[in-house]
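Here you get one chain, nothing else, as structure tokens; it is the form predicted alone.
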């Protein structure tokens, strides 16, 4: 590395600007930009999905690949682009049989397709991402780009560390020098496949053992990443602790306990160029810490109008933007919803997901039309307005590896009420006397995953809002002045990268 910058290849199955299903895309699209600003020579590699090709941002190269999966050979070609609003190169691997299938109108996503009202994984997901992982490692010689470290993300890249150590590293000096970091974004999604797929990996069957790739008789891509990577990270320090327990580890807790000395947590960052009320084009008036108390009420009134609610200025307005799934604590919201409303509040919910949850939220809306507003689906402008117009933001998650909305809420002066799990615990300071004295209180937290515990945290927040406006103002300003940018996260990742490669 003498006289040259640190070289990093970030491998992910999706990235903002090209393909997105969740927070992984935000990381892959934002972290490299922050790294590049700090002088890292960073590149991104991902599949060329149909949607990515249709953006018009990608151009084909003359780099071609040929990958063998089992007894079948598949050809591919490399395309390139830049991450939006940056000079960071993105390499997109074309293979139409595997990746040219996403079509929202037809119900075909990146990893799943719709059938009979539900979603099912593509039956060849294992082969699809074996191809991707083998191809990205073959790609390095064709590009003459040899990274010091490959930053692999989630199960779709979990075999990369195993391939480097057990296959490529034995045949190529360039590959042998590469170190690996494997990041777990959500341990619930593990990439488990039939043991018969082991033949397709090209790895010797002796690696299919309980201490390597085998997991309850299946081949587990995520376990491969945990066992073979030089270091493991996840998206918050608290989540790094939680996934070593049976309550959160989804069966991989003992594997992580063995490697706990090689496990760290770094909270994801926020793209403040998109999420900052001082320059947000989606809200009726902009504001910052000097104007929040004057202009935020204007946003609140606009949000109330948007959801057809009375414009009650002093009534606490509680907002929520979430996938309507079990993970996000919708069950707790429904259990405590009527009690919250009876405390003279208004509630707005934006999200899409489980029809059961949608039904009961609609029932709540119909029962309290001047108190509850719902929008089923997702709207980027409306998500910004919910953040800007709400007095409080609810995140009663069952688990939350990192979380982003609580970080958005801090910047928008919207006080979070969260369950003390994962990134929510790490990023929100509970409104206690000690935290207030230390100047780190920014919201309200609760522990047990129960309706009464959630309701108790909401009641604490409501009492503060109504009876301690001085403390409420301090919570708002402390949150707005915190730095949860990708620049902060990028600095932590660079320190970890250097630790891994020993420089």
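Positions refer to the first chain, counted from 1. For clarity, a rigid core is taken as the largest C-alpha set superposing within 1.5 Å between two forms. Small disclaimer: the values here were computed from a predicted structure and weren't measured.
Note that the form predicted in complex with ligand ADP isn't included here; everything after this is about it.
Heavy atoms within 4.5 Å of ligand ADP in the predicted bound form are found in one stretch of 470 to 478, 437 to 445, 40 to 48, 24 to 32, which is 24 to 32.
Relative to ligand ADP in the predicted bound form, residues 275, 351 and 378 are all within 4.5 Å by at least one heavy atom. Using a 4.5 angstroms limit between non-hydrogen atoms, residue 403 touches ligand ADP in the predicted bound form. Contact between residue 327 and ligand ADP in the predicted bound form is found at the 4.5 Å heavy atom cutoff.
Ligand ADP in the predicted bound form comes within 4.5 Å of a heavy atom belonging to residue 321. Proximity of residue 383 to ligand ADP in the predicted bound form falls within the 4.5 Å heavy atom cutoff. Only one of 287, 408, 307, 231 comes within 4.5 Å of ligand ADP in the predicted bound form through a heavy atom, and that residue is 408. In this overlay on the rigid core, residue 107 has a C-alpha that sits less than 2 Å away from its partner position between the shown form and the other one. When the rigid core is held fixed, the Cα atom of residue 381 travels 2 angstroms or more between the shown form and the other one.
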